[in-house]
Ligand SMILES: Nc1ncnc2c1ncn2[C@@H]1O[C@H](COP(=O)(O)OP(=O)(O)OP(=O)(O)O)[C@@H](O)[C@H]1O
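Okay, so here's just one chain, in structure tokens, the form predicted alone.
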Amino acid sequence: MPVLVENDAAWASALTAGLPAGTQVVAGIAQLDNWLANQPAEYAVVLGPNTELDDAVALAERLVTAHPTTGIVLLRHELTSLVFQAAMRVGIPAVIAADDIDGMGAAVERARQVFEAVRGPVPEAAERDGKVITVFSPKGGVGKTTVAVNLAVALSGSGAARVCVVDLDLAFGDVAITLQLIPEHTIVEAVEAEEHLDFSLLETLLTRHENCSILAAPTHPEAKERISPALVSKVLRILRQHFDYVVVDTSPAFDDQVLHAFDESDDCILVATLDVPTVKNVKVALETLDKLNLAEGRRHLLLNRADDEVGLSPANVEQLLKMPVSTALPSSFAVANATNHGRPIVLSRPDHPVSKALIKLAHDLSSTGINGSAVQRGGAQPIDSDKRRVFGRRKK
């Protein structure tokens, strides 16, 4: 498949519309190197118009040796003689105007034909067995969405893994605005296609961020009623076949849509803070999960603002909930500042204590490596699908 290098979300979204389904998008050259280390058989690299020309030239010089059958398509805002001279010098075969979507697509198709002439037919993208991770709290205002977004970014591993965030707070979802994205499409547009929904259609509803894809919540609260629990299950099953990780941000309630998301989940992150109402609600939530046999042995307690001096300590919370704190995040104005600027703290300040804790959590949840395009998971053993699902439904 092709790989697009583009750090501007709007350009990435526009360009992927003219590329084959399943095209990977990475933010920069470093992320591309990570991706190609795990996916060496990609037939084309498309360098977006915001890639520095010097970086494009240096990359082309490396690819000639390391990936000689991978074609390079260079997109430029301005087609100058300097650009063509630099491309010819390092053997970049296609230089296309940034707004020439058809020309880009044709160049990528030529790269595929050359690749197949040398190495044989391009194999179909292998179906992934991605991990679904649901982030939940029975109380709002505890930082659930911030955790979900930063966890997704951390899981992406600088482009080494494909990650999708699904905003299942269907009435008041904030994932897109947290990343300062304005989605053109939302999950509600999948309703009419529910009977014949597949990834090619679902992919058109995704909004690209530099590190992950977003399936946004509806823009109007009343649209929630149009989204059936069965559609939620179907969406998550499709996405897990095409992404290494699907992170689900939920509403603070056990509605039918959220319960079906738990039904499809491999891991559950329960977010709490050091206050009695939240701890009480989390305790009730744990009892509910127990009764429904959901996420048994795969629950992770995340304590946000864990250093607040409010009369409760992490040890008190562990004693009350009868489960250990997996991750504790300290209070920090930097988190709110990063959110207000649309730049998750894991990206803007990776050395911050909050970032380090979330990166460690991502590492604990992540695979031991990628074999082909399927995630090889470490940690917990597979759970029988009948036991994982509330109503004993099996995947089809």
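Sequential numbering from 1, following the sequence displayed. This one's a predicted model, so the numbers in the text were calculated from it and none came from an experiment.
Although not depicted, the form predicted in complex with the ligand is the subject of the following passage.
TODO: Mind telling me which stretch in 139-147, 72-80, 187-195, 313-321 gets its heavy atoms within 4.5 Å of the ligand in the predicted complex?
DONE: Of the stretches listed, the one contacting the partner is 139-147.
Open item on the list: With the partner left out here, check for me: in the predicted complex, does some heavy atom of Leu361 sit within 4.5 Å of the ligand?
Closed with: So Leu361 does not count as contacting the ligand.
Open item on the list: Residue-level question: is Asn34 within 4.5 Å of the ligand in the predicted complex, judged on heavy atoms?
Closed with: Asn34: no contact with the ligand in the predicted complex.
Task: Contact flag, Ala336 vs the ligand in the predicted complex, heavy atom cut 4.5 Å - done: Flag for Ala336 set to yes.
Open item on the list: in the predicted complex, is there a heavy atom of the ligand that lies within 4.5 Å of any heavy atom of Ser265, even though the partner is absent here?
Closed with: Because no heavy atom of Ser265 falls inside 4.5 Å of the ligand in the predicted complex, the answer is no.
TODO: Only one of Gln257, Asn211, Thr278, Asn304 comes within 4.5 Å of the ligand in the predicted complex by heavy atoms, so just point that one out.
DONE: Here the answer is residue option Asn304.
Open item on the list: Please identify the residue among Pro49, Gly28, Pro330, Gly342 with any heavy atom within 4.5 Å of the ligand in the predicted complex.
Closed with: By the 4.5 Å criterion, the partner-contacting residue is Pro330.
Open item on the list: Where, within 218-253, is there a heavy atom within 4.5 Å of the ligand in the predicted complex? Residue list please.
Closed with: Residue within 4.5 Å: Pro252, and no other.
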